[in-house]
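What follows is a pair of forms of the same protein chain, given separately as structure tokens and numbered structure 1 and structure 2.
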Structure 1
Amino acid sequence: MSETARRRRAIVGLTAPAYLWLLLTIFLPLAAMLCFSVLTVAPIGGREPALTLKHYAAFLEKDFYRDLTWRSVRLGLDVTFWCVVVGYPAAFALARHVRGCWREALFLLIVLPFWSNGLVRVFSWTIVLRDGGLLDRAVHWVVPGAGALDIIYSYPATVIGLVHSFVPYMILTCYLSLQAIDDSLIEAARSLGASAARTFLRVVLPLSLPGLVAGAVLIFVPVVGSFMEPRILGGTQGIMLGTVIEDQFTTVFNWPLGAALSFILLAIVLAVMLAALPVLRGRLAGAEGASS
């Protein structure tokens, strides 16, 4: 056996099992769903489907679906915004003001909850936010006679639960880009007379932008597609694109409509990722250029 043939066999033998698995469980299913989304009925149980674009047309024609999509996008934007507000300063403090083993310990503490069950963490917020729960009691202890808090099963409750679930992403990505900034760049800016605020805006923030954008994408994408969190914490205000897709597959059984809505969700996700790509790539390339 020649050397190239042996090499080829090794490559195919090593990669084929994993990629055949991914083909069966990721790529073929996505293709199957695309097929389903243009059928009148699911081709299961002997029913005769016909080709149609009515599910996509319904999305464009009915205000209900447009509102729904906007609700999900707004949820994604709100959660991302609050993750930036909470996560960036925390990452900044961790990367710039904490040293040594303290930093390692804090870093671990921040990412640790992230690896515990998301469903369980959302459930834990129902205990904290419910009427007569911890938050309710705390508010009434500070302000006796305050009205009922009434926050559980609302939009804010959903946002709180999702920020709690995803803020470690933002801290992680911002921390990685902030701690990579060369201290001498900041010292140079300060010694040339720039104020602390100006140094931050003109040096630190642009250099940490890739981390910020990466974190925003990593948070926005799953939040737009979330259904379990709005379902548990959102009550009647928790109807989102994700929950309607869930219903199509688990209770209404209109799979073709569910498939079409899933593809619209996928289109939003891909658009966001493509929009973020130049920032990530351009900034990374820029950073490499500056350092060489």
Structure 2
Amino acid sequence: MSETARRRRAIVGLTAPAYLWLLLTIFLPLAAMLCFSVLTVAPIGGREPALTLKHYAAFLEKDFYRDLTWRSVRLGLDVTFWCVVVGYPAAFALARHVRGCWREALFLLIVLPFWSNGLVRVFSWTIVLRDGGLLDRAVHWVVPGAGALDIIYSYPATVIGLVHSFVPYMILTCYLSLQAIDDSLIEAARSLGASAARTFLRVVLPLSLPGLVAGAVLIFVPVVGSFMEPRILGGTQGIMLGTVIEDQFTTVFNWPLGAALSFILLAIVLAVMLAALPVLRGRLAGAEGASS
């Protein structure tokens, strides 16, 4: 057996369990949900379903679903934007300016939210954002006589809760890219007369773009379909496509409609990613060229 054949067999042997696991846990459930989405009723309890596309047609015919889709996509973009605004500077400071035990302490603070239940984290924000809550008291302590600060059950409250939940992903992915940048490249730029701002824009930012893109994808995709944070923190203002999909499965028991809306949301997310792919590919190619 040739060396190439041995290498291919080793690669197949090492990767086959992972792909088999993905097949069982992702593609098979998706295939089952796709079958549900073209049925009139869920085939449970002795009911006889028939094939139909009315659930997909309902999305195209009703403005309600299209408005919810835009709200969900907008939520994903807003949360991703604020995660970049908050997470990238934090990752830059950790990678380039913080050393020793302080870095470990800050990393502990970053990953600390993962050690608590997500539902507990979301409910804790209701205590902070409500009228008379911690944020309202802090504002009145700084500015006595200020009006009540009650932003619970609103769109900003939903964004705040989601940013808190997902900003660690942005910090960690950006940190890995920033940490991998060779210090000699920055020193070369400074020795050639580049200012700190120009060095950042022409060297650091392009080379850290892969981590920024990875973080944006890890945040945007789950946020678009989120339902727990919008339901608890948004109230009537937090009705998104994800909350409607959850209702179809848990309350209305209309699994075919929920499955159809899920696949439509998946298609929209993939369309957004494909639309941004040429721009991202060009930026990533530029980053690779700069590093070489």
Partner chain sequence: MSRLSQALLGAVLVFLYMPIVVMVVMAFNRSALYELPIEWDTVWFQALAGNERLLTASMNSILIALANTVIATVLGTMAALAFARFRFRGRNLMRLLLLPTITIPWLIIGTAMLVLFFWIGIGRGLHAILLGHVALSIPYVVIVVGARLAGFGPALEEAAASLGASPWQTFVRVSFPVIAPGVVAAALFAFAVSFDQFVISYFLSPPGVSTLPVEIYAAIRKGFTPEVNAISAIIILVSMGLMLAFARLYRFGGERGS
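Whichever C-alpha set is largest while still superposing within 1.5 Å between the two forms counts as the rigid core. For numbering, take structure 1's sequence and count from 1. Since this is a predicted model, take the numbers as computed values, not measurements.
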Checklist line | Identity of the form predicted together with its partner chain among structures 1 and 2 | finding: 1
Margin query: Superposing on the rigid core, is the Cα displacement of residue 27 between the two structures 2 Å or more?
Written below: yes
Next item on the list: Just grab the Cα shift of residue 7 between the two structures for me, core aligned, in angstrom.
Entry: 14.0
Margin query: When the rigid core is overlaid, by how much has the CA of residue 269 moved between the two structures, in Å to one decimal?
Written below: 3.5
